[in-house]
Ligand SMILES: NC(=O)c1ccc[n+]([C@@H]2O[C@H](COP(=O)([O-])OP(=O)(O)OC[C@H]3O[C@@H](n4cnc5c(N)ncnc54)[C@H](OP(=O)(O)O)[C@@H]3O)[C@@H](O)[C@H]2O)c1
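Just the one chain here, the form predicted on its own, laid out as structure tokens.
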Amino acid sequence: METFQQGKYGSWALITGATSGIGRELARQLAANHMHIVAVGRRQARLDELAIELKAQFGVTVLSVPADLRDPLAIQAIVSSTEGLDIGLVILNAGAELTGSFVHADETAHLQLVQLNAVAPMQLAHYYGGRLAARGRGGLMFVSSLFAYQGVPYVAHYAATKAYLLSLGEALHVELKPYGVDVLVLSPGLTNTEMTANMALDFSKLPLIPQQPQQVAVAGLQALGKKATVVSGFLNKVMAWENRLLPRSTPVSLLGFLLKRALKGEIRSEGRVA
């Protein structure tokens, strides 16, 4: 990972959702390779903890930007905070889930979900992608999901927002390559994070093998600059690409059956933010 110390990705990386799970591990791994970190997250105390940890262990500078990306005004706060920094790597990791019946969830919850999972990453990719293209080098990573590869009943809107990131990232991989900008979509399967721990699903009833955030982060950073998309974990790769061999309706129906069985309690909707 020497390229993260010097060269194309420069000395600063911006990570949304940096205070827990995959985002926190990405911050650690990049700091270990001497990149300074712009850490974006909702919880000031968690941002402070991360800054202390990374400074003490790796001697890097950490700029904490408290922002809730469900609020449209958060984008300007991030842009203003980073105006003078030469950011060469942008990782759009923040996200939330909404488990249960689509129609029983409050409309406000759906609007907040799409703002956080799709609109905010689009806005940040547009702004920082333009900066990276003008810079003539850099990297842009979207953190999507294994569920992006088909419709998934009972997490229908979550899967749809992640599919948006997958499609957008694949296209930008081609568009921005002539400008020297690497674009990658990282799609984790089940990962041991706070978000998944709090989901209203019994994952033991699903054919998924959980990964650790460290494994997912390594897969993403190793693939950046080499691929347009990466799914972490062998079984997850098989599940992602089975749509090439089967009609799309087949995995959608199967996942609907499996998730309905795994739901805890009634088929209502509960959301968690990463």
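Here the structure is a predicted model, which means the values were calculated and not measured. Throughout, we count residues from 1 along the sequence that is shown.
Omitted here: the form predicted together with the ligand. The next part is about that form.
- For the ligand in the predicted complex, the listed stretch (41 to 49, 54 to 62, 224 to 232, 245 to 253) containing residues with heavy atoms inside 4.5 Å is 41 to 49.
- Contact with the ligand in the predicted complex, defined as a heavy atom within 4.5 Å, holds for exactly one of A159, L116, L124, L98, namely L116.
- Of the residues given (A133, L190, A105, L166), L190 alone sits with a heavy atom within 4.5 Å of the ligand in the predicted complex.
- Under a 4.5 angstroms non-hydrogen atom cutoff, the ligand in the predicted complex lacks S81 among its neighbouring residues.
- Although the partner is absent here, A67 is a contact residue: one of its heavy atoms lies within 4.5 angstroms of the ligand in the predicted complex.
- For Q150, no non-hydrogen atom is located within 4.5 Å of the ligand in the predicted complex, even though that partner is not displayed.
- Under a 4.5 angstroms non-hydrogen atom cutoff, the ligand in the predicted complex has S20 among its neighbouring residues.
- Residues of 133 to 154 lying near the ligand in the predicted complex, listed in sequence order, are V143, S144, S145, the criterion being any heavy atom within 4.5 Å.
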